[in-house]
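A lone chain, given as structure tokens: the form predicted on its own.
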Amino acid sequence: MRRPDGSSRSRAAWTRSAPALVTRDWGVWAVDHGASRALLRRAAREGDLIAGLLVDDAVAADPFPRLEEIRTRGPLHRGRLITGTVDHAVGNAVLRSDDFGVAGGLGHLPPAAQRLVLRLIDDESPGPIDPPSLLALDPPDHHRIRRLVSRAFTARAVARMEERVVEVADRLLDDLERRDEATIDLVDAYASWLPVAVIADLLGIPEREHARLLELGNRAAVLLDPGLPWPAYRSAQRAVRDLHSWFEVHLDRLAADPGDDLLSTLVTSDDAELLSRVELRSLALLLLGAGFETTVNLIGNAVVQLDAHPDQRDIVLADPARWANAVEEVLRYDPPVQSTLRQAYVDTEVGGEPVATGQGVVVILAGANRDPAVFTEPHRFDVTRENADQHLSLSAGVHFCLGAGLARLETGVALRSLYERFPDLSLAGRPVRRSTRILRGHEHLPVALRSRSSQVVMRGPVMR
């Protein structure tokens, strides 16, 4: 292929030109999101209960009545378009079974469409659920990459981070007190910045870059949702490419001047050759996004539930040792991730129902978490619930959340520190939910602060 000046241009360079990337993006969107959007809307109009969760704004705002309706249809509900479950036992079995996998993040598409999308995906800047993201990989590749980073998230490694998490929380709360403002947006002023600071430490990201990466990560996170409109998809893809570009420079910087962070270790260790540069960037993007999204949504959801249930708030204020279990109950009752998809790789059976090879099954985590067969009075928010940690909010099996321990620690510290400083904190307006369907959290959370800074509070370990 010739450039206007007659010189040759490599195929890789040509295919990554701006017009070619737009064309490629549009192709992916049309086959994946565009077609899915049309099918989901039609199925919802025709009464598909699960499709309605993904496209009906009213249902998404309060999904739990719909989830109970799905529960009445049996352990495995086959809708007009989508098969899914709100049954805890079935969901757990699907997530743990070798008969199912993530299908490259495309389990909702037929095989021909999957192959086409995989050909069109920008393999230099893959998205959060595109290979080689861990979310889109099955073993053995999933194990190969996960093994290289899992040591950074062991129980001992996470416990060592508690001092840093407390330090960040205290600094942010000190800033709030210095503002001397009666009302603040808790997401914008606190819940977002704590997890970003902690995951940035792990990735060796300087503080001056936090705001930029937070903004790009928020834009890219919508790619977890099916059926995005073209403008939203295009904006998210641009954010993904900007993130890949940033991390490419960042990795070069760490290779030349490594620190004691996880990425520096990966770039300079003997295992470095086990990861391609694209795999390393994708891993960094996933850690950044997952390290932020789960925790910021969990903190916001917890504050809303504690405000709605003041008796439960009073229990943890009176006995701070209960914060760890309160975090588990929020994960169960109002999970930050609503559902996940698996595809059957063989003819199999779950919940007494046959599932054919290639069939996708949506595990609706928010529904499984309120299964009365597992949880007594499942619609009651109870921070003393003995089996709250049996929820599926952090998945199960090989894709169990890598950063589960860190998310629990961050949320426990964030909530305990917040309510120690502002025990009378209350909502000061209507919370604004995010528009995302898979992720459930708050875009804005106005709260009124009443400080108790003059009272000395003794701190102890947050996690038990």
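Note that the structure is predicted; figures quoted are calculated from it, not measured. A residue's number is simply how far along the shown sequence it sits, counting from 1.
Form predicted together with a small molecule: not shown, discussed below.
Q: Suppose contact means a heavy atom within 4.5 Å; in the predicted complex, does that hold for all of Arg146, Leu287 and Thr340 with the small molecule?
A: The answer is yes: all three residues contact the partner (heavy atom, 4.5 Å cut-off).
Q: Where, among 391-399, 414-422, 49-57, 35-43, do residues come within 4.5 Å of the small molecule in the predicted complex by heavy atom distance?
A: Answer to the contact question: 391-399.
Q: Heavy atoms within 4.5 Å of the small molecule in the predicted complex: does Gly291 have any?
A: Result yes; Gly291 sits at the interface with the small molecule in the predicted complex.
Q: So in the predicted complex, is the small molecule close enough to Pro63 to count as touching (4.5 Å, heavy atoms)?
A: Pro63: no, not in contact with the small molecule in the predicted complex.
Q: With the cut-off set at 4.5 Å between non-hydrogen atoms, does Pro336 touch the small molecule in the predicted complex?
A: Answer yes; at least one heavy atom of Pro336 falls within 4.5 Å of the small molecule in the predicted complex.
Q: Look up in the predicted complex whether His142 has a non-hydrogen atom within 4.5 angstroms of the small molecule, and give yes or no.
A: Yes, contact at 4.5 Å.
Q: Considering non-hydrogen atoms and a 4.5 Å limit, which listed residue (Val90, Ala169, Ile199, Leu254) is close to the small molecule in the predicted complex?
A: Partner contact (heavy atom, 4.5 Å) among the options: Ile199.
Q: Using heavy atoms only and a 4.5 Å cut-off, determine which of Val361, Val330, Val303, Leu365 is in contact with the small molecule in the predicted complex.
A: Answer to the contact question: Leu365.
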